[in-house]
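Shown next as structure tokens: one chain only, the form predicted alone.
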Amino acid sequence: MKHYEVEILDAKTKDKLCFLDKVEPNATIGEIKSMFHKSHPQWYPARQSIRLDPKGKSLKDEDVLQQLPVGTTATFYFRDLGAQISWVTVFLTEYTGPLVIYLLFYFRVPFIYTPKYDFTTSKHWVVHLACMCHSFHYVKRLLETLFVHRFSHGTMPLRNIFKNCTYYWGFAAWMAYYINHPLYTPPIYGEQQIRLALIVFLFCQIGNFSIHIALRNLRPPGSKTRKIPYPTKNPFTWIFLLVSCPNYTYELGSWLGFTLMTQCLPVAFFTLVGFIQMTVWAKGKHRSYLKEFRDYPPLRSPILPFVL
């Protein structure tokens, strides 16, 4: 059996960082990262980006050495991804914040509104309903992070947690301030509008959860396998016939329902910004599906059936 020699160069300076002798041909990039880590302890595997070209894409950890377009002396390029943090930690942090922050405004703790309103409650039942819906949404997200989601990547750059928390925590405070404000006025069409909004919100929350379960079942524990998602016996998953990322479709629907329920401008703005961001993610995933699977259903749109 022939063995490989592997040299790892700095992607920026082209300086040689490491030379590995007698590497097994069936060694994976993940194993090569571990070998590299032994000679450079400051760069743990999750922090490493190993590439065939200095400006190329990162190789996957499961890529096998002998299946790559390299000779018996393989040259790879290393780029430092910076300090990393687990996806689970990021999600738990960015979702716990809005849950707690919203409740601080709901209970009207001191220093938020004028002193005479400290620890008072709103006379409008929609305010209490909105708090229950908002709390339910983020408790659901936390539980899904712990028990449902299976992440294809274990970590993300540490700097992202500050950006993500600013987004989620900031919007939660902005929304909560106005919804729980003593001068808040209920929706113009009253109870009928609120009930319709609640139905939309709950329907989309169930749909979003159903999609997450379907996606979880596509990937065995500990695997990074990607498959084409198809509808299951659950009717909420039938939207897969028309959309590549229905979890985002249902998420958008949930926030549209919450906007209708509260008739609050900050909520509408949060929904719009979220829709723009989810559209970017959905288009990216849709392109990946089309590139990876030749038999991918041609009728599907990224996020909105027949539209977008």
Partner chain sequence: MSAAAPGTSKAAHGEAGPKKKKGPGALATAYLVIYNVVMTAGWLVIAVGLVRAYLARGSYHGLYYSIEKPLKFVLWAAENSFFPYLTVFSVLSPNSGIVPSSVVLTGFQVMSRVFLTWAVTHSVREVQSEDSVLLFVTAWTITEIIRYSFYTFSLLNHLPYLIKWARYTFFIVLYPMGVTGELLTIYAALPYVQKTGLYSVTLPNKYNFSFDYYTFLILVMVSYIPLFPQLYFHMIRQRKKVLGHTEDYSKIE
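Residue numbers count along the first chain shown, from 1. Everything numeric here is computed off the predicted structure, so don't read it as measured data.
The discussion below concerns the form predicted in complex with its partner chain, not included here.
Under a 4.5 angstroms non-hydrogen atom cutoff, its partner chain in the predicted complex has His181 among its neighbouring residues. The closest non-hydrogen atom of Tyr167 lies beyond 4.5 Å of its partner chain in the predicted complex. When its partner chain is considered in the predicted complex, Gln263 lines it closely, a heavy atom lying within 4.5 Å. Contact check for Tyr138: no non-hydrogen atom falls within 4.5 Å of its partner chain in the predicted complex. Contact annotation: its partner chain lies within 4.5 Å of heavy atoms from the stretch 265-273 in the predicted complex, the single such stretch among 247-255, 54-62, 265-273, 33-41. With respect to its partner chain in the predicted complex, the three residues Thr185, Ile188 and Ser301 uniformly fall within 4.5 angstroms at the level of their nearest heavy atom. Among Tyr106, Phe236, Trp174, Phe91, the residue placing a heavy atom within 4.5 Å of its partner chain in the predicted complex is Trp174.
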